[in-house]
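Just the one chain here, laid out as C-alpha cells, in the form predicted alone.
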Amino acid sequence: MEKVIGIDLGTTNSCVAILENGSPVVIPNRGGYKTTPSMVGITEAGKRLVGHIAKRQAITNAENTVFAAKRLIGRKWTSPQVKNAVATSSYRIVEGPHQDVRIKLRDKDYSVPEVSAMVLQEMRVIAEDYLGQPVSKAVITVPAYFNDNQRQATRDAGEIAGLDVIRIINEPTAAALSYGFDRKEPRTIAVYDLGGGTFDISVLEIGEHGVFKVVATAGDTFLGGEDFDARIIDWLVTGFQKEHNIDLRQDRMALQRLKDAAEKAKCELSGVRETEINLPFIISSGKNEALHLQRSLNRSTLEELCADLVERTVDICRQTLEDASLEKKEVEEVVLVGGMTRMPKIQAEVQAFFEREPCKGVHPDEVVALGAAIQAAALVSDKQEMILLDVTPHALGILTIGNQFEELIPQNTTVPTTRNKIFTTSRDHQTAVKILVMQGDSKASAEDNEILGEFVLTGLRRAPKGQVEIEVTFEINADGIVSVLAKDLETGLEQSIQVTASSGLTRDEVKAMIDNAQDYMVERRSSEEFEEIRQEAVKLSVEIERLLPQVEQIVATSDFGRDAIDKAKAIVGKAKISIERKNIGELKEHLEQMSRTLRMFKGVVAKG
C-alpha cells in the first residue's frame, strides 16, 4: 500500500508522522529532532535554507529569514493581522498583485503558500529519506478556526511542494484521533490547543467503533506563543529605551536577537522561577559605543505581561461550551496540545476553568502529526475502522438587504450537510438577484465576514416585490467543499456555484511555483547524491594513499607491480579532478575502479 504521511504544518515548528506496523510514529529529521523549525532563509548566494539551519543563521540574516508564515497564510493585505505583522517582523512583508501578502527575500517576492511549501517540502524529504521511497500523498492539519481561504492556501502550499493533499483536517481533531487511538471507552473530551501562532478549543465525543464526533470548535488564528514572545520583547524594548533613549525595533538584527532571547526566556520560565536575559553588544550608540542589554525576568512578571492573552483563551473556552450546550462536568478529559501549554500559568488556568487536571498523556508537539498520520492511513485503507464527523468552524450564509448576514449553516454544524432557506425579491419587477456567499461569525455586519463567491440568478418573472420566492440551498461535503444553489420556486429556473476559496494565487502562479519547486527538488537530490559519492570517493582515496607506501615496498621489484601502482595513483588523481568539476557521472565510474584497487591493495598487504 502507498505510504501517506501526516504533516502538522505549525507556526513555530512542523512535524511529520506515518502509521507503521499499526501504530503512528513521528519521523525524525537528519539531526535526530522530531520537530523542524518552520523557518526559511535565503542566503546571499541565493541558497535556500529550511528548518534548523535557517534558524541558526536567523540573527545574522534577519531580513531574509521568515518565521511564523502560517499567521499570514490566506490573509488579505488589508487585514489587521497583516498590519500587525508588518510592524513587528524582522523580514519585509509587501502587498501582492491580488491584494494578497508577499514576503520579500533578497530580490524576490514570495507568496506565503510558496514559503509554506518550502517547509512542507522539507517534511516530504524527511519522510522519503526515512521510508526509502517517494512520497506523494499527505494529510495536512490546520487550525480549526481557519477559514476557507486559509485552508485553500494550505492546499496550494501542499500542491507546490509536490504533494497530493488528500484531506485537510483540524489540529484539535487530529490530536483527538491520536488521544483516542486504541482507547475503547466512550468519552467527551476538550482539546485545548495553544501553539506558536494560533489557538483552538474543540469539544469532541469519542464513541465506540471508532466514531469521532466534533461537537463544537472555536478559536483565534492570531493568538499564540508569538504574542507571548512579543510581550517580553515590548518589556525589553521599553526598558532599554528608558535607559538609553534608543528604540531597538529599528534594527532588524537587534529585533531578531530580542525575539530569540524572548522565546528562550519564556521556555526557561516553564521550569524555573527566574531567568537572565543577556544580550551583549545589542546595538551601538551614536558615539560608536557598544551597548549591552541585561535584565532578569521572573515567572510572575511574565504572567502579568501575558495575563490578558491567557484570559482570552479561557473566554473562548467558556463561549464554546455555551455554544455546545455543555456543562463543564460533562467534559471528562481535557487534552493539552501545543508548546505553549507547557506554561504553568496556562495549565493552572485550564484546570481552574474545567475543574479537572488536564491529561498529560500526549506529547504536545507531536500529537497533531500523529493524528494526521492516523487519518491518512484510514483514508487509504480498505477497512473503514474510523469515522470522523467534523463541524464547520464558521457560519455560512448570504448577504441580504441592509448589509445583513443571513445565516444558512450555523457555526459548529456537522458536515456533510445541506440547508436551505426561502427569500423573496426586494424590489418591484426585479428580474435578477445576486447571491453573495459569505463565511464568518458577525451577524451584526456582513462587512466583517469573508466573501467566498458570488453568482447571479437571471430571467426572473416581473412581479411586485416580495412575490418572487427564491430558495437558496447550501451544501457542504466531507472535504469541506461548499456548493450553493438558487432556485425560482415558481418557474424552476436555477443557478448554482461551487465555492472555490482563494489563496490569493492564480492557477498559473501555482503551476509556475510547482515547476520551480520540482526543479529545486531535482537539484537538491542531485547535490545530495553527489555529496554521498564525493564522501565515498574521498574515503577510498585516503585508504589507497595510506596503503600505497606498503604496497610499493612489497611489489616494487616486478613490472606488474609498478604498473598497478601507477594506475592506482592515476585513478586517485582522476577522482580528485572529477570532484573539483562536480562531475557525478565520471566520479561513479572512478568509484568502481578505486574499490577494486583498494581490495587488491588490501590483498597484497595481507599476503606480504
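The structure displayed is predicted, hence computed values, not measured ones. Position 1 is the first residue in the sequence shown; the rest follow in order.
Note that the form predicted together with adenosine monophosphate isn't included here; everything after this is about it.
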Answer yes if any heavy atom of R299 is within 4.5 Å of a heavy atom of adenosine monophosphate in the model of the complex; otherwise answer no. no
Close approach of T597 to adenosine monophosphate in the model of the complex, 4.5 Å, heavy atom: no
Even though adenosine monophosphate is not shown here, does P393 get within 4.5 Å of it in the model of the complex, heavy atoms only? no
Would D100 sit within 4.5 Å of adenosine monophosphate in the model of the complex, counting heavy atoms only? no
Selected contact from S526, S270, Q81, S483, since only one has a non-hydrogen atom within 4.5 angstroms of adenosine monophosphate in the model of the complex: S270
Can you pick the one in A373, A175, M340, M123 that has a heavy atom within 4.5 Å of adenosine monophosphate in the model of the complex? M340
Go through 272-280, 184-192, 351-359, 218-226 and give me the stretch that gets within 4.5 Å of adenosine monophosphate in the model of the complex, heavy atoms only. 218-226
